[in-house]
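Heads up, the chain below is alone and in the form predicted on its own; it's given as structure tokens.
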């Protein structure tokens, strides 16, 4: 049994998708970010970073979305979210998940919270512009990759890398140039959003935008 501390549509989303894709027994505990519950002392004992997700495995807490996603994929092989360990596809799987976690996710953090680096509004504008350029450059690269290697990140079958990518794609929905402006990525988004796990997550988390 897993326990996932989550907030609707936040970085916990890819982990929740993995639990649904693998049919792993789990329970959800809502962390109200708007109310500041992520800063409660009790929660900080589980996740000292004060963010979601936190994943309990046998009562022991683990955090970092990409790490939790990869852990579920590896612990629940019946879900087929990770290629065989000794395959080249597994090397690509590791590469793409780490790339998304190191490149796109931090850029979105800067886009959403430029005040984290400066109180000055002029500096925040510059920071957001830089974040937007980095995000759009990532879409360019992913568009090119999927156009040649798709329909999924690793080819014919979806994996945990796709669960992380579709979460990050959703975060762009209100940007000046959302990800659906890239034609191959728009087709990919429709493909991923047709999956039962996506529809189930939307129902459970109460999401409506970008359905």
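Numbering follows the first chain given and starts at 1. All figures in this text were calculated on a predicted structure; none of them were measured in a lab.
This next part talks about the form predicted in complex with a small molecule, which is not shown.
J.: Only one of 57-65, 22-30, 179-187, 145-153 gets a heavy atom within 4.5 Å of the small molecule in the predicted complex; which is it?
T.: Selected stretch: 57-65.
J.: Does residue 169 reach the small molecule in the predicted complex, with heavy atoms at most 4.5 Å apart?
T.: Output for residue 169 is no: heavy atoms all beyond 4.5 Å of the small molecule.
J.: Can you check whether residue 161 is within 4.5 Å of the small molecule in the predicted complex, heavy atom basis?
T.: No, residue 161 sits far enough from the small molecule in the predicted complex that none of its heavy atoms falls within 4.5 Å.
J.: When the contact criterion is heavy atoms within 4.5 Å, does residue 70 count as touching the small molecule in the predicted complex?
T.: Answer no; every heavy atom of residue 70 is more than 4.5 Å from the small molecule in the predicted complex.
J.: Could you confirm whether residue 10 comes within 4.5 Å of the small molecule in the predicted complex, counting heavy atoms only?
T.: Yes.
J.: Counting non-hydrogen atoms within 4.5 angstroms of the small molecule in the predicted complex, say which of 132, 76, 105, 124 makes the cut.
T.: Result of the distance check: 105.
J.: Within 4.5 Å, heavy atoms only, which of 39, 157, 173, 45 is in contact with the small molecule in the predicted complex?
T.: Result of the distance check: 39.
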